[in-house]
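Just so you know, structure 1 and structure 2 below are the same protein chain in two forms, each on its own as structure tokens.
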Structure 1
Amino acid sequence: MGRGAKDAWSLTALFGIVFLGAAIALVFIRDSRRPWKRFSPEPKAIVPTLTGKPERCLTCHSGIEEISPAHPISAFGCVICHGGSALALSKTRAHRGLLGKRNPASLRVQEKTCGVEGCHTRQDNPKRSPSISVPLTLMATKASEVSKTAFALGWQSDELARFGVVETRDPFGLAPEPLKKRALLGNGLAPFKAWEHPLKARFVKNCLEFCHLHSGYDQNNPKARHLSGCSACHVPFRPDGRYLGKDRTINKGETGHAPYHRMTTAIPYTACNACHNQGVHSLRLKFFYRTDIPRASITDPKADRFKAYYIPQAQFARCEVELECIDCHTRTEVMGDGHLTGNKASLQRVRCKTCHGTRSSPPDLRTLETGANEAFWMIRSYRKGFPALRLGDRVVVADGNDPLPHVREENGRIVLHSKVYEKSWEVPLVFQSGCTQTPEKQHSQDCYLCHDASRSFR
């Protein structure tokens, strides 16, 4: 090889080395600038057992809390609930196709998340599937509030429910109960149209926009005191909507978040109180928030319940302030029976006599004779450490054969076990006691004549 050829080869080699070095440096610089590098030096991959497909979401969301013991990340991962692109490492691509944006439990998408086959559905009894029954409840439709307001203001000539906040159809047709009990016209609700009347627009803006399961707290709806969909009850929430957990990718100063990535079935009264006792409507269709509720009590279940919950001058029995809401209200009352309804009374299952009985009869007790009893299915969602049920146990049954697995006979006594805390109470019985009630009068106001405990909390 001649000298000129050698020089040319040397120059080419030098340029190659420089180019290779520049390429490596460029890759290093670009790689170091990748956002996910702030959270992990290398991509973190998991392979959830339920899907068998790798996901790299935890590369960025490495500090996020496991949402519940029933949904371990090793089995569920992230994508099965949240959607998105499992392997992408840029925020834009990874979040493309997210279900419900930040909330996969939104009623807009829950059929693809909570309600997919094998999750919160029941093939043996579809009407008991939360994904089917919850959108039909008054908490989702507001049908009763709409119909009563429309009747009072002359927009319709009766109190039958015709409208809801969204169009809703009963998937199983008309319920077996008489129309009067269901208070519903037909088997569906049309969307309430605000633009037909200026007063209707005020009604929607001040009363309907922020207090139902289709709405929830986000950056565009700060009036709401809850998240939307299933999360309204099952995800603990703070009114300021700011995240307090350990996921470094979530902006702590941004609103519209739950405080932690957690879900629970042990629902404290504060979750119910977020909607059910925050204020009153005026005749001018304006909502007035209560200002007498101590701020700390809004999220603290151990706070003074009388100050946090009960309206001044209201009557209540001691059990109503000592127990959690879900310790009394049945699953059917809260999550529906799989049929559309136009009033609350059609789903009422529990009254004072359900647990306390009457002068003429004790509570209705049923023996658990087979493992197929509904009580065994229900108890699976109760808090950790909840006392187990066994064949032969006798549990209280509410109207409509709704079992109360947490209220049962033990050693000849009726005992209520809290669904939220490790507490239990012996239930005093009216039967064979000195109570002078009239068995036919079983409304709460009748019991308050003797058992109003409100004065002892003032």
Structure 2
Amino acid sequence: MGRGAKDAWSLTALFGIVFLGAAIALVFIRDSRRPWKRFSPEPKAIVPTLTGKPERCLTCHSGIEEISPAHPISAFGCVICHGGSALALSKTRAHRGLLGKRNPASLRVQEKTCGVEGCHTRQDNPKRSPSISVPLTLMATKASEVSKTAFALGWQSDELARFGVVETRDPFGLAPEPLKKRALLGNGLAPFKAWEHPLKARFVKNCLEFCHLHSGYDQNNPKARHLSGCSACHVPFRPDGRYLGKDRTINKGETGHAPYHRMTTAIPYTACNACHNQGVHSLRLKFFYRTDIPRASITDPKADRFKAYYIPQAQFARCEVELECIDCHTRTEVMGDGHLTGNKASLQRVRCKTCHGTRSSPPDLRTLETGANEAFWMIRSYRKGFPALRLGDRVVVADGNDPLPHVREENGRIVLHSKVYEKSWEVPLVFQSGCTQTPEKQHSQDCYLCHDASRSFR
């Protein structure tokens, strides 16, 4: 070997050693900065069966609760609901494309998350499309509250709804007759604006900025006792807002989190009362929060229900306080029927007589004759251990043939199985009882004349 070649060789070796050293140092530096190392010793990949695409979110989010038994991690993973970059291992890159930040079920994004066709949108069945129907309800638009106030204060000359908290259109359109029935001026609602009118400005601030499905803790409303959108009902929330679960990334000292990464259809009354029964408006459009609600009842569905539910002046029958809201209110009433509405009456299905019947007739029952009856798919999402339905069973139906699959005839009696707890009640019937009602008078106010239970607590 010549001298020149030898020199070249040692030079290469030197470079090699320097390069290797640099590479080792680089790996070492990078290793000490691997952001996920804070949460897991090794990257963790899963391949959800529904997408077939690997994702590594669980590397950092180790310990997170499964969102619900209907959405197992093994089938759904995370990206199907949250978006994000499936394989990235730094927080910034992994969260690129995340939908709805902390709440993928907010109304701003739910169409792209919950509402993917085949999930909670089904073009062939608007009734099974909460992603379409929920944004059209009064709980999202407040259209009835707006039109009633506007009429009362002379801002408009009739009670037809023109405005909502955000612009909302009826996707299927309504014929003139239903438009009238639903107290709508047209097939859409424009956003209500204050237009430099001082009282209107107060109305927006005190009545329209909270307590509807477009508002919520995650929409920068730190007073809210609920998340926005579908999560307002389906995610149990606590006003102290601390996360109590096992996801290692979520800051446990911070407020504004749901206690667990959990959704449910067994919705307790506390979720409804996060908006309902919170206070009263004055004629000058001020909103007065109730100060008498026991603190414990905000977080604990089993705390003194009567005190939490009762608003001074309001009247209730005993069962309205003893049962959960959704033991009476139907799926259509809470999630809508696929059309826009401007008044409460058009979505009202359940009435006192739905369960109790009247002096002249027992409750309206339907026999489940085919497996296609909607009662069967409805109960599929009910709580674990919910009593099954069989062909030939008879269930109570509310107005508009809306079934209550949990209120059934059993051995000649009407039995209600709570949708929320493992609890059943026999429904006392007015039919053939000592009740002295007038059969034509079936409004709840008519019943409170003799059955107002709030009196006994005042």
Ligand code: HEC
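Throughout, rigid core stands for the largest set of C-alpha atoms superposing within 1.5 Å between the two forms. One-based numbering along structure 1's sequence throughout. All values derive from a computational prediction rather than experimental measurement.
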Does the form predicted in complex with this ligand correspond to structure 1 or to structure 2? 2
After superposing the rigid core, is the C-alpha displacement of His329 2 Å or more between structures 1 and 2? no
Is it true that Thr121 shifts between structures 1 and 2 by 2 Å or more at the Cα, once the core is aligned? yes
Is it true that Ile73 shifts between structures 1 and 2 by 2 Å or more at the Cα, once the core is aligned? no
